[in-house]
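The data below hold one chain only, encoded as structure tokens and taken in the form predicted alone.
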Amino acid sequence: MNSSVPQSQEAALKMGSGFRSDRDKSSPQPVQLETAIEMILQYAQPVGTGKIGIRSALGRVLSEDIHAPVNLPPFNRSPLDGYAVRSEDIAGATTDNPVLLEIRKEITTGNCGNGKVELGKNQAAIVMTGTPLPPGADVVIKLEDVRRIEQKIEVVSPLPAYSNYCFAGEDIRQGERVLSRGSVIDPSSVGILAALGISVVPVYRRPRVAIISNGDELVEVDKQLKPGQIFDSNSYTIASCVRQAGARPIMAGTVGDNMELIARKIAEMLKSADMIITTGGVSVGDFDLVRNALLSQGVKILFHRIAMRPGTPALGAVKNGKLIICLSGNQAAAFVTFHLLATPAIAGLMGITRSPLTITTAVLHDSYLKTSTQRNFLRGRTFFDEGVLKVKLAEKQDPGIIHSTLYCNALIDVPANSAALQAGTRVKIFLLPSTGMWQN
């Protein structure tokens, strides 16, 4: 017997898959989805911090505010290729009475910003886009707006002071907060960090999420199927979703319909993972043993069953501050409830301060003719049609139809006691996280 299993449950565990306590014979009272998410988020706290190089920062989450150590730009600079001049020297320039300015050779792009070589009266300096402006210059004239005559330029029109002129710090001022704690580092953030000379970035640690699939019928994808067996697809779907969310998946394998084995696997994963996700074995049938396996480990059950379809049997629990989210074994149900429950939990563990799910509305492309006695989340794909966001339903919406998740990027939230929905109806949708910033 595993020493981590309380002695009070030892007799029950010896009964293996046949054990069911009296209180588990009746279905637990379902909670609303929003209530379940609130319960989960109470325990979804960042798992730690560290520092990484800027080259590895994409997709990570800042653990501290970033304040600019320097001005950006760090000097007064030219926004274009041309000539730096003094506005007072060209104030009276006209086509009939042009002003000639001497090009000062000793002022180059390499020494414009050192402050030692100042532009004098009736002088000009050649500048290029982004280069520093010499002291004394307060205007930049475009190359095409002057006529060059050997080492002089001819100016035929005036420009007010600070035309075509970029001030030091006009983009970002030294000391300004430019990136906030809890924000995901995207390509623009990386560019800003580099522009400010920040090469080491403070980030939250990526949480480790263990994935356990339950069921005697499950086999690994590289094994030969026997009668009554199916390949374990949930582990791969959920691991990919975990990675897409920015966390590190730990594929803990499959466990058969045996409560003692399930309990041992959970105890093992609690030692190394920051969070556990299980699929299967969480309903209220005789072989749905995850709840009792959790109780045998002294786990606190937060909720069991949610008032929604698919994914009604979902369970949330916590042990030693670590979340355990148990999902249905039906592939589409696991996919839906992962996004609604586990995605916000992972975001919290990563330190993300904004919601990872965007809620909006779209126009239904197809009719959905079934009535919904309870809240229903339909799988769909959004697209734009003449500027209108629409959502197309997957052909089949049964909780075990894995094909309904293919290319799904939206969940259509159908309230309880809804009549059939006609094409053209505006519906509430949850946009799923987009692909792109996956971490290895």
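Residue positions are given as counts along the sequence shown, with the first one as 1. Computed from a predicted model, the values in this text were never measured in an experiment.
The same protein also has a form predicted together with ligand AMP, omitted here; what follows describes it.
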Looking in the predicted bound form, is ligand AMP within 4.5 Å of a heavy atom from each of Glu217, Phe231 and Gly280? yes
Looking at 121 to 129, 354 to 362, 181 to 189, 325 to 333, which lies within 4.5 angstroms of ligand AMP in the predicted bound form, counting heavy atoms? 325 to 333
Does Ser296 reach ligand AMP in the predicted bound form if we count a contact as any heavy atom within 4.5 Å? no
Quick one: does Ser78 come within 4.5 Å of ligand AMP in the predicted bound form, counting heavy atoms only? no
Taking the shortest heavy atom distance, is Thr337 within 4.5 Å of ligand AMP in the predicted bound form? no
I'd like to check something about Asp288: if you look in the predicted bound form, is any of its heavy atoms closer than or equal to 4.5 Å to a heavy atom of ligand AMP? yes
